[in-house]
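The chain below stands alone, shown as structure tokens; this is the form predicted alone.
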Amino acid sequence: MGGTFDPIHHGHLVAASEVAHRFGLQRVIFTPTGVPWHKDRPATPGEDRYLMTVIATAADTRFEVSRVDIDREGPTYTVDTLRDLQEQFATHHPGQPAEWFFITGADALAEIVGWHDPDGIIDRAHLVGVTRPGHQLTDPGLPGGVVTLIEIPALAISSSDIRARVREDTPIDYLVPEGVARWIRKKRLYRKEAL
């Protein structure tokens, strides 16, 4: 599951759980982006986003967090993420076949034809676009059978709304795991003075 996770919230966790259940996935690897090439604003430092993701996913044994994008220099491209994760898996599980899925927001998936090496992404994984109820995916022009859309009620929560609530000193309780809320307060993330 790729994303900026700035910050990770319950919608992300519900989406990962739903996709894992729907496809019978043994695990979901959360991969916070390093330097997001497509964002129009600077992201919170990668280390903070990585640690919030570790905190948020710790209670579910199906979830793990990879540093592959945080540790890679330069912009984060999904095709590189998939390649690196698949190489790591092959090294640690030689000869074991694995089916790969890439989980992301349906809004991001709608723009995949503009991503770096979209054909390489499609060759490496089945794409799963998670969407909030009522959201319609614009046809990204992909071949049939490479994308599955799943509606996730909890995705009405958004990271940008959480950042705005923190700036406005409005509660974020129950939108993010308590450990993530504590990290945001401790590091004073998303505050007006931090911008």
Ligand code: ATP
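Residue positions are given as counts along the sequence shown, with the first one as 1. Note that the coordinates shown come from a computational prediction; the quantities given were computed from them, not determined experimentally.
One more form of this protein should be noted, the form predicted in complex with this ligand, which is absent from this view; the next part is about it.
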**Request:** Go ahead and superimpose the pocket C-alphas, place this ligand as found in the predicted bound form, and count ligand atoms within 2.4 angstroms of backbone or C-beta atoms: 3 or more is blocked, zero is open.
**Result:** blocked
**Message:** I'd like to check something about Ile152: if you look in the predicted bound form, is any of its heavy atoms closer than or equal to 4.5 Å to a heavy atom of this ligand?
**Reply:** yes
**Asked** With a 4.5 Å heavy atom cut-off, would you call Ile157 a contact of this ligand in the predicted bound form?
**Response** yes
**Item:** Distance check, Met52 to this ligand in the predicted bound form, heavy atom within 4.5 Å
**Value:** no
**Prompt:** With the partner left out of view, is Ala108 within 4.5 angstroms of this ligand in the predicted bound form by any non-hydrogen atom?
**Reply:** yes
**Prompt:** Within 4.5 Å of this ligand in the predicted bound form, heavy atoms considered, which of Arg132, His126, Arg165, Arg67?
**Reply:** Arg132
